[in-house]
Each structure stands twice: as C-alpha cells, then as structure tokens.
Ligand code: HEM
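Consider the single chain below, provided in structure tokens and representing the form predicted alone.
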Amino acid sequence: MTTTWQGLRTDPRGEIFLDPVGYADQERWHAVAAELRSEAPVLRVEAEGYTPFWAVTRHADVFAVSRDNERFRNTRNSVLGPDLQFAFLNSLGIEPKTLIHMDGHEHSAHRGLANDWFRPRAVARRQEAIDAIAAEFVATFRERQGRCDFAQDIAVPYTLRVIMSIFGVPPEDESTMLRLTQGVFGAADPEYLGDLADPVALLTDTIGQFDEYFAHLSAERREHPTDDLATVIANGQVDGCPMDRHATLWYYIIVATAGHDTTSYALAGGVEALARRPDQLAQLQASPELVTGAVDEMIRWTSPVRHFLRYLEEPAELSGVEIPAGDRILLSYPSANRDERMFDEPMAFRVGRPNANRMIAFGGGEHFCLGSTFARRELRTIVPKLMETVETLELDGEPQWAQANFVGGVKHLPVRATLR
C-alpha cells in the first residue's frame, strides 16, 4: 500500500506539515511557516486520507501545549501519518508502544526504568568514552584531509557509536543498527527504500528485524547481565512486573532510533551552517567558550524532530483560536524555533545567540526528551575538537536534506576543509 501525501481540502499552506518532500526544501518550508506564524498561527488542516488536525506554529503555543500534559495528551497515535497506514499496521498487530505513545502513570513508570541512565551525573560519567569516540572520528576527518560527506562519514557513525556503546551493541553490529534506524525514520525517503517500493513495507520489515535482533540481545543480557542499557531494559520491571516482549521491543527501538538519528542530523546541520558562514566559524574558533550556546543554536537551527501530535481532553484556546475537545494538534518544532517573537532575527544562525537555550527541539513537560543531556554532550564534545582541527571549512557540493515529515535533516553534506 502507498502512503504518499494526496493533497489538501483547506489552506494549501498546510501541505508543509504533510509532504515529506517539502521538508527537503528548507528555504521554502520556513518561508511558508513564517507566513503561518503571522497570519494563521493555529491552522486547521484537512487533507485527503488524514484525520483533520490543527497545526500550531508559534513558540509560546508549542511551549504551553508541551507543558500541559493533563489537557493535551499523547495517545497511541502521536506521529502524523495517513489513516490507512495506521489501520494497516494495526491489522498486522504492529502497534508502537514507546514513551512517546504513553501518558500519565504508564509513561512515568516506563520512563523511570531507564531514567537514571540519562541523568546529568550518569551522562558525565561517560565523558571519557565519548571523548575517545569523538577523537576517533575527528582523526578520520583528518585522515580524509578534511574532504568527505560529513553527514555520512562523521556525524552518522559518531552518534551511532556513542548510543550503541551505551546500549551495549558491539561495533560489528553498528551497520545493522544504522540500516534499521534509517528504516524507521527514513521510510518515506526514496534513498532508504532499497528494493521495497512502499514505505509501509520497509517499516514493517524493519520492525521485524528489530524484533529478531533485540529478542536475541535480551535473552543474552538476562543470562549474562552487564553494565549497559540493554541489560536494564531486558531485565526491567514496571509496577513490579517484567515487561512483555512487545513493550521491551519498543523500548529498544525508541532508544536506538531517537538516540541516534536526531543527534546526527543536528550535528550535520550545524556543520553545514558553519560551512556557509565563515564569520560564525571564525567566532567559534576564537571563542571556544561559546560552544554550549552554539550547540543549542545548532539544535534550534536544525530541529530534527519535526512534530508530535497531542489530543485535547477538553476545549482549549490557542492564539485566539477555539479548539474543541477530541481534536488533535500538531506541534511544529521547526516553526517554533524560528519564531520572531522568541528569537531576534531567527533566520540567522548565530553561535553567540544569547537565548539559544530557549529552543524547544526537545519538547517540554512530562515528555521532555529523555536523551537530551546525552545529545548535547555528544555535540559539545566533538564540536570543539573539530574547531581545533579545521582552519577553514566550506561546502564541496550541494547538501541534501532527508525527505521525512517526522525526523529529518541533512543526510549528505559534502565539505572540504583546510586543516591546522
């Protein structure tokens, strides 16, 4: 079955939230989003094959909804997709059950299982390992004399190695994990379809392979526990009961995918921004203390997670628009992170932006990204090492952005650098 976007019955600007191809044209996408923030910040979108939704584009509204977990709920369908796709997956017994699909006690109980692994102190204890991995990939960059596809050669394998080292997945299995994570988040992109003509076929095949791999890993960790996250998940209990195979599988999937693709897109997109702006590169090289804010600016600029959906428990008003109970809301993170009401000259990339930490790429409230501390630390570790390595940095071809309306970013980034 196909899952291509079919067309709108309402304001044509609403297509930017639906069409995966549209996200690959960032200049146009953000131009339309800026119009909506000014003219229709809460836009009702009705499209063929989709349950209607309200697209929320301003920072203040996205922030307010994210923090109000009582009125705005996640439910099982927290990601936008065609109705037939969800019906088909449900008919196959494929029902995602991750932290982003849960609310209330169920969410907090499952989140608590791995929460200690993602606390700042726990992440800090892994700094030495992250340093070593970052140094390895900066060395790779130097070996290639500063000329490579930075996204595929550095950003993707670096962030993958970090999350897999936490997970306990051996390096020889990283290529398998890369292929599977791309099968989940990149299913709409023709580059990742391979021999499968249909994104849903790719997704179902990918989930089956994840299940097979992680079932074996779980059995191994139950028999031989080690100091890794896979052991925690395999042996985890919720409300005093072991998780079933379904819940365990989806816990693995969300950590493996969300912990990798989002961070690699932020890194690749941040490096693209620096390559296009020699003044910002020079400023960061001259003032390494800016790295903390610069990393937040990279995340604001790229906003790898494009949206989540929320469902109204009771009527609500956003930017003067009354929304009835039962309707669903799309939170547009890329738009919120370019909101003129929050950020001065939001279409400019500034490593010294004073309020870059106000970006909302990690969500908010109970569903604030569990891995945000790891993501920031990964970028704050490798970016200074890159700044110490390069003298100049420029594009060596046109970057390509992923065709995806959920998670995406720069998937190919040809660069060339002069090295110090």
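Don't overthink the numbering: it's just position in the shown sequence, from 1. In this text, all values refer to a predicted model and were calculated from it rather than measured experimentally.
The same protein also has a form predicted together with the ligand, omitted here; what follows describes it.
Comment: 361-369 is the region of 361-369, 25-33, 348-356, 41-49 lying near the ligand in the predicted bound form, near meaning a non-hydrogen atom within 4.5 Å. Interface residue remark: L160 is not counted as part of the site for the ligand in the predicted bound form, having no heavy atom within 4.5 Å. By the criterion of a heavy atom within 4.5 Å, G259 is counted among the residues contacting the ligand in the predicted bound form. Proximity of R338 to the ligand in the predicted bound form falls outside the 4.5 Å heavy atom cutoff. Although the partner is absent here, L386 is not a contact residue: none of its heavy atoms lies within 4.5 angstroms of the ligand in the predicted bound form. With respect to the ligand in the predicted bound form, the three residues K97, Y213 and L249 uniformly fall beyond 4.5 angstroms at the level of their nearest heavy atom. A single residue from the set H107, R221, R73, R328 has any heavy atom within 4.5 angstroms of the ligand in the predicted bound form; that residue is H107. None of L393, V56, A375, I382 but one reaches within 4.5 angstroms of the ligand in the predicted bound form through a heavy atom, and that residue is A375. If you take 296-330 and check each residue for a heavy atom within 4.5 Å of the ligand in the predicted bound form, you get I299, P304, V305, F308, R310, in sequence order.
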